[in-house]
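This document contains two forms of one protein chain, each encoded as structure tokens and listed individually as structure 1 and structure 2.
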Structure 1
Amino acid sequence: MYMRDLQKILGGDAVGEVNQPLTGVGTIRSATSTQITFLANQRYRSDLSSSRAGAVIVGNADRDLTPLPRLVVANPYACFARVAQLFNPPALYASGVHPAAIIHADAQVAESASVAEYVSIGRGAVIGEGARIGPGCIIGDDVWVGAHTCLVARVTIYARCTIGARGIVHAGAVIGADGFGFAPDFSAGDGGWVKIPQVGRVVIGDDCEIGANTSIDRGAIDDTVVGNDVKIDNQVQVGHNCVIGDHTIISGCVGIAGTSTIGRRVMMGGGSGVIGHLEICDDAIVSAMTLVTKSITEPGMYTGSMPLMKHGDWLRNVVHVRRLGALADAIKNAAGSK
């Protein structure tokens, strides 16, 4: 492919040698003379002069920053992502059902779908056009998988849950396990926990990506709902009856307790958590390892993590957190006694 082809497909201005042949993408430091790189983060600006890339995607402001053949666009990072997609199209799978897949007679699998070995598909399930069900996936009864969605491998979807079109679900993800709901009944002697049947579903929109070993629980009575274009990383836990808005991004190791409502375009940092029964408004950003303990009603960034200290400094300082109330009183007294 040539620079001029990229310009035709993706728009922008091709500046410099438009006949530069390109075979792939690379980072600004590792790209070779037949690879195209990009400059989106000004932090890497100084690396550009020493880059051996064959071409570069830059923003309008950086049009004249380099003599390299360049594609000048409004959003160089998004443009780079699209170029990378052109050079690295998703794997193609032959349509059809592997003989070592077990599909219930009452399931519907589109002829253009691809079902791999060791897959189990339950009664009433529907697998859409061009969908891919990778090896070892377990698809429960009445599950609905949208067109062109790819379950990579070893994905489990419990009965009646649905996922929209063009999604990607990575290995080990579990969609629709029982929410964590038990009523205490310790009155009669020892007693114990009474399980509340979890009869809602998980309903996932279009264009979502769900990470490896992530779990999204089904609703207790109503459904757990994930919007469109939601991106969820690995090792995430979404509790029952959560509602997650379109375009929201959830990083790895996040835990969201039940019945929380997360808005649109929210960004949850890695390892952050949400107490149950809260609301987080559109466009909120939650920092890494921050616990959301009350609803967030205004957009912006929210943080609640401890700073990193040398262990000796931590010992000397953090012990006083346990007596901050007394310290505050002492200050008030000192100020008052002046």
Structure 2
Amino acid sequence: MYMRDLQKILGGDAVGEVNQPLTGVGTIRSATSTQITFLANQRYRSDLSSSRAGAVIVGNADRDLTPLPRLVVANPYACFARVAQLFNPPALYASGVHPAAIIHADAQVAESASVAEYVSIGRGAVIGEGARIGPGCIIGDDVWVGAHTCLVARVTIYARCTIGARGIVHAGAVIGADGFGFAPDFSAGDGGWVKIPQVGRVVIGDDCEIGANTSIDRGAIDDTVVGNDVKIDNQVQVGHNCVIGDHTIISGCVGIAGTSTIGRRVMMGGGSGVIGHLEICDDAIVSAMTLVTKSITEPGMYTGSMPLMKHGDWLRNVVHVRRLGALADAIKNAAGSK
């Protein structure tokens, strides 16, 4: 593929032309003469002069930074993602049902769908056109899987849950397990926890991606809802009755407690968490390892984690943090005595 081909497909301004066709993508430091790279983070500007890439995608401000053939666009990172898709198209799978799959007689599987070995599809389930159900997936009764959605392998979808079109659910994900709902009953002294039946569903929109070993719990009464174009990383826990708005992206190991509402275009960093019954507004950004303990009502970046420091400094600073309450009381008492 030549620069003129990329420009025709993706737009932008092609400056120069490669001597040989491009065959793939690479990083600034590792790309070869038949690969195209990109510059979106300014910390890598100095690496561009020594790059052996055949071409580079740059923003308007970096148009003249390099003599390499280049595609000048408004958003180099997004353009690079689309170029990478061109060179790495999704694998094609033959339609049909593997003989080792178990499909209930009342299920509906589109003729164009691909169902792999050891899949179980329950009563009343609907598998859309061009969907791919990978090995070992378990699809419960009355589940709906949208057109061209891919369940990679060993995905479990509990009864009555739905996944929209063009989604990807990675291996080991569990959609629709019971939410963590128990009522305490210790009034008699020897009671225990009373399970609350979880009778809602999980409803996932179109164009979503769910990471490996992520769990999204079904609602206790109403549904847990994930909007369109939501991207959820690996090992994320979404509690029952959560609502996640369109275009939100959630990094690995995030935990969202039940009945939380996450707005549109929210970005949540790895390891962050949200306690239950809170709301995060549209366009908020939650930094990695931040615990959200109250609702966020204004867009912007929020950080609640202690920065990295040497262990000795951390110990000394934590001692001061633990004394802040007493210090505040002392200041208040001193001010009141005047």
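Note that the rigid core is defined as the largest set of C-alphas that superpose within 1.5 Å between two forms. Being a predicted model, the structure only gives us computed values, none of them experimental. Residue 1 is the first residue of structure 1, and the numbers go on in sequence order from there.
In this pair, structure 2 matches the form predicted on its own, whereas the other structure does not. Once both forms are fitted on their rigid core, the CA atom of E298 lies less than 2 Å apart between structure 1 and structure 2. Taking 2 Å as the criterion, I275 does not count as shifted between structure 1 and structure 2: its C-alpha moves by less than this amount when the rigid core is aligned. Here A328 counts as shifted, since its C-alpha moves by at least 2 Å between structure 1 and structure 2 after the core is aligned. The shift recorded for the CA atom of W314 between structure 1 and structure 2 is 2.8 Å, with superposition on the rigid core.
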